[in-house]
Every structure is written in structure tokens, then in C-alpha cells.
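Just the one chain here, laid out as C-alpha cells, in the form predicted on its own.
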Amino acid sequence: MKVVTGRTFPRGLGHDFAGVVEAVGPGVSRLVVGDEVLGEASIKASGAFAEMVLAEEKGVVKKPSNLSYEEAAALPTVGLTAFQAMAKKGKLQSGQVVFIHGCLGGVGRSAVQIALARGASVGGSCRATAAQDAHDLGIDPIVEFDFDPTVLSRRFDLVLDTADTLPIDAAKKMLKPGGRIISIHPTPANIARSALPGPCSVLIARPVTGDLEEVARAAGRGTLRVPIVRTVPLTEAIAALTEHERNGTPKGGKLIITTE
């Protein structure tokens, strides 16, 4: 992580944001002062937990007018990761069948909505207490995290593991011939598998302007929504983040930090 994020302290925190463009640098032509935008700061630069953030143009797109800033700020990382997993790495086609392990997390829920919008059928795993939420989202079949993969043998064109807890043998058992397994966790084991011949690959999402625009458009159409379960002002951000790390709360959606 030191290589990715940089080694010096103090450093800003926060990646996803939404707001209004206050200034643009030389060579920026796609955005102008006054544009309402959403985007993500780079992992190394970070700094989105602030009243003003510096970001590269490629990671910033115009916000749909029908989205609030809070709704827009919930989108970039999870939406971009899900879109690149489904559309780019997974090459998902209409009529295919997808299994999403961890289907109600931020990336999982986004991937479900993107897959359904592209004409795919979606199965997934979640806690038993959240099964109704998964059903309402359009997921079928729904299983718990410790499910028996034999009951889903050879049913899926694509398996997406968002939780990094799906055994690779189980994922392979669920695949149709020629199917793909994608993990969003770049662990040494997952990276090693992706370097070998076979169905496994690992996705490290990258800021691609066209992909982020697709995510924004989907949100504007109402086919992609990321739940927000708590909103706090910047003055209360440290306490809220500390609670999140210690207790895993809030659950079921995003924590949004506002500057007002």
C-alpha cells in the first residue's frame, strides 16, 4: 500500500466526490468553471474529504442534473469498479447469467444493476437477513455466503467475487464452459491466478473517462443507485469514520460527508 498511496505524512484522505468546478488547469477542455461534476481523486493524491479537491480531468465527469450531490458522490469508485468488471473485464452480453458473491455490498449492488440493465440474469450471495433486499433488487437465485456450490453447478457465464471469500474451486464448479471468474481484490493469490491460463482474472479499477460517463448516465437514467444510509458534516467525519472502522457501521449503504 505504501507504493500505491505514497510514504509521506500528513496526507489527505478520501477519493469519491461531487461538487462544482472552481478552476481548471492548462489543457483542460472538457470541463469548465461552474460545471457540476462527480469524480474520484487518485489513490496517491487523495484529499476528497475537504471543501476543495484537486483531481485529474480523466477522473471527473459531469453530474446528471437529476442527481443530488450526495447521490453523485456515492457513485464513482463502486460504480466504476462494477462497470469495468461487468462490461470490460467480463464482456457481459445480454442473455448471459452472472453470479455475484457479496451482491449487496457497494460494488456488488452496482454490478447487479449494471448486469440487469445489460439484459443479463443475476444470482448472488448475501446474509440471510438481507435476502428480501436481494430479491427486491431482482436477484435469483439467492444463497447465503456458505452455500454448497454443487447446487449451482455450471449455471453461470460470469462469477464476480466482491468479498474475496469465495473458494476458487467453488467458483470454477459454478462456471459454464468458457466462463470467467473475476475478483476485485488484488491479493498475491488472485494476481498469480490471473497470470496463469484459465478463467481467473483480477480487476484493479482505473479512472477511464468514458467508463465513468457510462456510470453517470446509468445513474441519471435511474438504472444505477447506491443507497446512502448516513450523512455527516465534515466536522464529524473523523468520528463517523472511526465508528465505521470499529463497528462496521453503517451497513447497507454509503456514508456521505458533506461540507455544509
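All residue numbers are counted from 1 along the displayed sequence. Because the structure is predicted, anything quoted here is derived from the model rather than measured.
Below: the form predicted together with a small molecule, not depicted.
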query: Stretch in contact in the predicted complex with the small molecule, which is absent here, among 167-175, 86-94, 131-139, 103-111 (heavy atoms within 4.5 Å); finding: 103-111
query: Contact residue in the predicted complex, from 212, 53, 218, 203 (heavy atom within 4.5 Å of the small molecule); finding: 203
query: Contact of residue 163 with the small molecule in the predicted complex (heavy atom, 4.5 Å); finding: yes
query: Non-hydrogen atom contact residue 184 with the small molecule in the predicted complex at 4.5 angstroms; finding: yes
query: Touches the small molecule in the predicted complex: residue 121 (any heavy atom, 4.5 Å); finding: no
query: The small molecule contact in the predicted complex: residue 154, any heavy atom under 4.5 Å; finding: no
query: Contact test, all of 81, 145 and 251, partner the small molecule in the predicted complex, heavy atom 4.5 Å; finding: yes
